[in-house]
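Before any questions on how it binds or moves, here is one chain, the form predicted on its own, in C-alpha cells.
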C-alpha cells in the first residue's frame, strides 16, 4: 500500500455467553471505544469518522447503529454502518483515510443480546429454495463438513483434533468466551448436531465488544511508537445461488487473498506470513480456509494440523485466539480476530510467545448467516516494522 495506514490502539473486553455480559450494546461499545482512545491519549474530538459493525436482526432493534455510533464517539461526526464483520469495516476506515477525508477513525462493534441462532439464520435464507425447508447456518456447516470429509482421506477424529487445538489456545486467552481445554475424546463424545459435526465442533454464540483505532501514517507516528500497519485488503463474495461445486470451492476466499497479497506485495504466503486468524464457526472450516488461502494443496491441511504446524509453537499458528469455537460473536467476531492478530504481533497474548512474528493474515466472513451462497469474505494483511 503506497500511503500507510495503521491500527494504533484497540479496546476489548472479555467475551461471555449470551445474556452474561450485563451491558447493553451502547454501554459495551462506549467502554471499548474509550479504552482504545485512552490507550494512546486521544479524545473523541480527535476522531474524524466512525464505522460501526452491526446487524439489526442480531440486535433486536431497527437501525441499531443509531445507538452504537454516538457511543463510539460519532456525535457530530461522520459515521457509517457496515452490516458484516471486521475486515469490511477496516476497509471503509482505510478508504476514508486514503481519500484524505480522515486522519483518525474508530471502528467498533458489540454483541450483548440473546438471539435464536436457528431462527435468525433461517430468516436470512432465500424465500424460495432454502428458507421454506428450514435451512439454517448450522445445516450449511454440516453440508460443507460432509463434502470435505468425503473428498479427502480424513476421518471425523481429525475434525475433533482441530477443535481440541483451538480449545487449548482459547484456554490461555483472557478475552476468549470459552476457556476450557476439551480433549479430543470429550469432543468425539459430544452429540451430533448436523452430521458429521458434533456440538463441541460448532461455536457457541458469544457476547462482548471490541474497537480499533485506525490512523494515517502521520497520525499513527504521533500517537504511538508501536503501530501495526495495514498492508493489504481484499474483499469478495460468493454467488448467492449456484452449483454445489461453485459454492463449496470457496473461490471468493481465493480471490480475496490474491487481492490482499498483491496489495501487500507478498509473493509467497507460506514463507512470509507468521500467523493467521481465520473465521471458523465450525471446526473443519479451518482446513477448508487454509487450502483456499493457498497455504497448502487441497486435502493437505490436515497434515499441517497433525504435524503441529498450526498449533501454539508451530511454524504457522492458526487461531491462537481460540478461533470461532472459543469466541463466536456474530457482529463483532471479525474485529475480535483483528484485535487478536494485533496483540499477537505485539507479543501481548498471555501464555504464548509471538515475539519474532512480523506478518499476520486475518480472514473474515459473515458465515454466521450461512456457509454457502451469498457469503462475503475479507482478507487483511497486517505487519510490524517500518
Partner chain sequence: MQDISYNKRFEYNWDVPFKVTLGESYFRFLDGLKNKKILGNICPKCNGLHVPARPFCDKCLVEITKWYETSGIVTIESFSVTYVKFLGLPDPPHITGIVRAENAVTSFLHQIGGIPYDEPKELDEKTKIGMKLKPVWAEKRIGDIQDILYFTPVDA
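Numbering follows the first chain given and starts at 1. Since this is a predicted model, take the numbers as computed values, not measurements.
Not pictured, yet referred to below: the form predicted together with the partner chain.
Chemist: In terms of non-hydrogen atoms within 4.5 angstroms, which of the given stretches 179-187, 283-291, 216-224, 127-135 touches the partner chain in the predicted complex?
Modeler: Among the listed stretches, the partner-contacting one is 127-135.
Chemist: Within 4.5 Å of the partner chain in the predicted complex: all of 19, 194 and 239, by heavy atom?
Modeler: Judged in the predicted complex, 19, 194 and 239 all sit within 4.5 Å of the partner chain.
Chemist: Please check if residue 372 has a heavy atom lying within 4.5 Å of any heavy atom of the partner chain in the predicted complex.
Modeler: Output for residue 372 is yes: heavy atoms within 4.5 Å of the partner chain.
Chemist: Just to confirm, residue 56 within 4.5 Å of the partner chain in the predicted complex by heavy atoms?
Modeler: Although the partner chain is absent here, residue 56 would touch it in the predicted complex, with heavy atoms inside 4.5 Å.
Chemist: Is residue 296 close enough to the partner chain in the predicted complex to count, meaning some heavy atom within 4.5 Å?
Modeler: No, residue 296 sits far enough from the partner chain in the predicted complex that none of its heavy atoms falls within 4.5 Å.
Chemist: Taking heavy atoms and a 4.5 Å cut-off, does residue 146 contact the partner chain in the predicted complex?
Modeler: Taking the distances in the predicted complex, the answer for residue 146 is yes, it comes within 4.5 Å of the partner chain.
Chemist: The partner chain isn't shown here, but in the predicted complex which of 270, 267, 150, 157 has a heavy atom within 4.5 Å of it?
Modeler: Partner contact (heavy atom, 4.5 Å) among the options: 150.
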